[in-house]
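For reference, the chain that follows is the form predicted alone, supplied as structure tokens.
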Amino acid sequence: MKKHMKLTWAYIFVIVFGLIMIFPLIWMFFATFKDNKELFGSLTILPKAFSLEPYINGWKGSGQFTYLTFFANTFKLVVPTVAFTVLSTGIVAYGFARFNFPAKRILFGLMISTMMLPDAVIMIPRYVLYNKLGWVDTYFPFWVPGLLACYPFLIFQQIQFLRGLPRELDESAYMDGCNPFMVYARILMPLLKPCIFSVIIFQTLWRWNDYFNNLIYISSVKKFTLSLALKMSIDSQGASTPWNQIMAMSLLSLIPPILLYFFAQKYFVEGVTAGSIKG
């Protein structure tokens, strides 16, 4: 009986704490159905009348481009970047985890050391390089680093996961006539599924929510992502900022990454913890 009471109180505590944590999202959801006057003049969570006008007017965007364009631009930036990152970081991690080659420890140490390098240090040289290559105001500054495995944290995470997989799997595949690439593609990559999902989630959230890098490299409104479009909606209105419309569009922009996390939550947790358990 005492055990059941403790379990009940534990569930009550988790539920209450969870409601406190998601209260801002709950308030934001109901705020999207209010007008600006009610939004700032009432302390109640529920609106007096549910209205879809904030969504309808907010979706119109800047007038020249609707939020359909900004959503499409965000997917154009995020999806290839994530796909390139999964492929490139997995191959690099496979090389470090399974092969011996000259200066392996030195190269591994250099890769890990880049995790400690502040982004502000390389911001200007990186911009100068991309500008000389003609990549400014394109999505190449996001696609190419993903293609070249410029994310040491994601590489290290997959290395730790691969170290927990027995080498006998590789040896048996070699005996069946597989080459190193086939071993990775047919044997190890399917087993890396939890880790790959964690890479997908991390990279999607980083790129989807990124504002600073988007602001630096993208200047054309027709190429704006959601983060830039939301900021533009605030700046373009001046004193009469339609916060209900901005919150409505912000709420819509949260839906894709939230859905991704919930659908891949099982694999994400397993992928994040596997390295520490098996390594």
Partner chain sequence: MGYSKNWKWGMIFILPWFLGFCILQAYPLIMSLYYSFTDFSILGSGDFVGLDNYIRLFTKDKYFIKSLTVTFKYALISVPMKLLMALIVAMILNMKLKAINLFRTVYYLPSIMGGSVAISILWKFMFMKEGMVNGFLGIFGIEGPDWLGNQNMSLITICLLVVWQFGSSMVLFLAGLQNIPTDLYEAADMDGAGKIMQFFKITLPMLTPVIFFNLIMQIIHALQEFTSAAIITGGGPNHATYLMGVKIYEDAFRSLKMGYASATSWVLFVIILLITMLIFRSSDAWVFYNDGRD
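As the structure is a computational prediction, the values presented were derived from the model and not from experiment. Residue numbers count along the first chain shown, from 1.
Heads up, the form predicted in complex with its partner chain isn't pictured, but that's what we're talking about next.
Among residues of the shown chain, residue 129 is one whose heavy atoms approach its partner chain to within 4.5 Å in the predicted complex. Using a 4.5 angstroms limit between non-hydrogen atoms, residue 250 touches its partner chain in the predicted complex.
Its partner chain in the predicted complex is approached by residue 234, whose closest heavy atom lies within 4.5 angstroms of it.
Contact annotation for residue 156: at least one heavy atom lies within 4.5 Å of its partner chain in the predicted complex.
Looking at 14-34, the residues that come within 4.5 Å of its partner chain in the predicted complex, counting any heavy atom, are 14, 15, 17, 18, 20, 21, 22, 23, 24, 25, 27, 28.
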